[in-house]
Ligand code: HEM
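Take a look at this one chain, the form predicted on its own, written out in structure tokens.
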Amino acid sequence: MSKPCFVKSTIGRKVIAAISGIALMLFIVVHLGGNLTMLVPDNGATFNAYAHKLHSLGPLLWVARAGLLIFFLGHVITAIGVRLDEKRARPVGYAITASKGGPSKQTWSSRSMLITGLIILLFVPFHIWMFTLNQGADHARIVQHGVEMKDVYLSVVRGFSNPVKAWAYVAVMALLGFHLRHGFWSAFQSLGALSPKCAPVAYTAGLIFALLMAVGFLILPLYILYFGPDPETLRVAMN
């Protein structure tokens, strides 16, 4: 089978969606690890140092961003293609849906993959605009250990000090958990990496992974909103 035919086939799309999904899950783990440095009680010094280290990569950072974008778009496009193939194969849905268990794992998480995925897709540009682009404004600058850098921590604190934005972020992270719950298991299943004996273990591991990622991400806006410093006095108190 030629490569174009494989890419256009349902199996090919599932493989691409699985590989890109695994790559994105690895990114989520790394991204969460960096974000959790905001919980270090040093007024954002550790988090700012982490962000500065990333930006100091220069062209390598843009290569990483380009690769991430390719994986992200590849995952979205192929996942939508798989869903459309399923719709064409079964134009009339079941009157009653319930978890089948076994290898199919028909649950609310699996049936809502397209919906949660599209919400996450719409959320990503907002996330970039809110923090990476600092809502269209220049980042404040701070000097740490004699090095001038962007005060990204202050930008995050300001963003999550808004209850609407903080709780919207929490809601999307909860949906991310639902997406990962099925996506983790489905990715390895699509690659044929799971035997009947390993499938239940992988499904449980996926549930644990989804919970850890969702809770890890949603705890940050809630912590900053209710226990974090006042953004208007944060740097004033330090000076």
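Numbering starts at 1 and follows the sequence shown. Values in this document were obtained by computation on a predicted structure and should not be read as measured data.
There is also a form predicted in complex with ligand HEM; it is not shown, and the following applies to it.
The shortest heavy atom separation between V147 and ligand HEM in the predicted complex exceeds 4.5 Å. In the predicted complex, ligand HEM lies farther than 4.5 Å from every heavy atom of A214. Not displayed here, ligand HEM is approached by L180 to within 4.5 Å at the level of heavy atoms in the predicted complex.
Mapping the unseen interface onto this chain, A79 counts among the residues with a heavy atom inside 4.5 Å of ligand HEM in the predicted complex. The stretch that touches ligand HEM in the predicted complex, counting heavy atoms within 4.5 Å, is 110-118, out of 147-155, 126-134, 110-118, 161-169.
Along 53-67, no residue reaches a heavy atom to within 4.5 Å of ligand HEM in the predicted complex.
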